[in-house]
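Take a look at this single chain, the form predicted alone, given in structure tokens.
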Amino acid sequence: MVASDRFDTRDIARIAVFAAIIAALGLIGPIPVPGLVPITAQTLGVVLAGAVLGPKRGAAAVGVLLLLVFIGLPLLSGGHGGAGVFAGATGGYLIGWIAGAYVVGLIVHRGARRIVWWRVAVGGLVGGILAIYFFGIPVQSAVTGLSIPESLFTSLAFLPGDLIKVAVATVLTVTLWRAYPPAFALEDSPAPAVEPHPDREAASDRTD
């Protein structure tokens, strides 16, 4: 059956779980990488939310987290929270998380009956990196006074870490799919064809 646009109780539980996962990844704090910009793990959670829950539910999970951050809970990496974080240089990236989760889910789930690694990887690259940068870089430019090209150049320092997170998200998503497929809400997948029951078909032939 094609997934409904409405969220049922199980969907709400999935959304709450992934909002908590993204928040928990913020408790890890920045991960130092020799010679590179430290990696914050929360974008990994954003990609996982889209890949596992699909576009609508994945974006909803991120939206729930950001709502909690907005009202003051220190759920971002480093213990940050409050409305002020959305007015800073990273505010556009936070809003981009919602779009990123949606794009990841759209690529991974659209018309899919199963999860395949290459769709997760492509979804992570397009949604988890490009979509987030699309929102983040203009806001960073406006807040810092840098030009768009300058902001893009400075953001490229985070690209190696983002690529690592996409790779990790791909492995985790495929592993979860193989271990427990019911965790996934495959949205927009075509309804499976219903095979006619042999007894019913025979009964139909007798009545014709």
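From a predicted model like this one, the values you see are computed outputs, not experimental measurements. Position 1 is the first residue in the sequence shown; the rest follow in order.
This protein has a second form, the form predicted together with a small molecule, left out of what is shown; the following refers to that one.
K.L.:
I'd like to check something about residue 132: if you look in the predicted bound form, is any of its heavy atoms closer than or equal to 4.5 Å to a heavy atom of the small molecule?
P.N.:
Yes.
K.L.:
With the partner left out here, check for me: in the predicted bound form, does some heavy atom of residue 173 sit within 4.5 Å of the small molecule?
P.N.:
No, residue 173 sits far enough from the small molecule in the predicted bound form that none of its heavy atoms falls within 4.5 Å.
K.L.:
Going by a heavy atom distance of 4.5 Å, is residue 151 a contact of the small molecule in the predicted bound form?
P.N.:
Answer no; every heavy atom of residue 151 is more than 4.5 Å from the small molecule in the predicted bound form.
K.L.:
Do residue 106 and the small molecule share at least one heavy atom pair within 4.5 Å in the predicted bound form?
P.N.:
No, residue 106 is distant from the partner.
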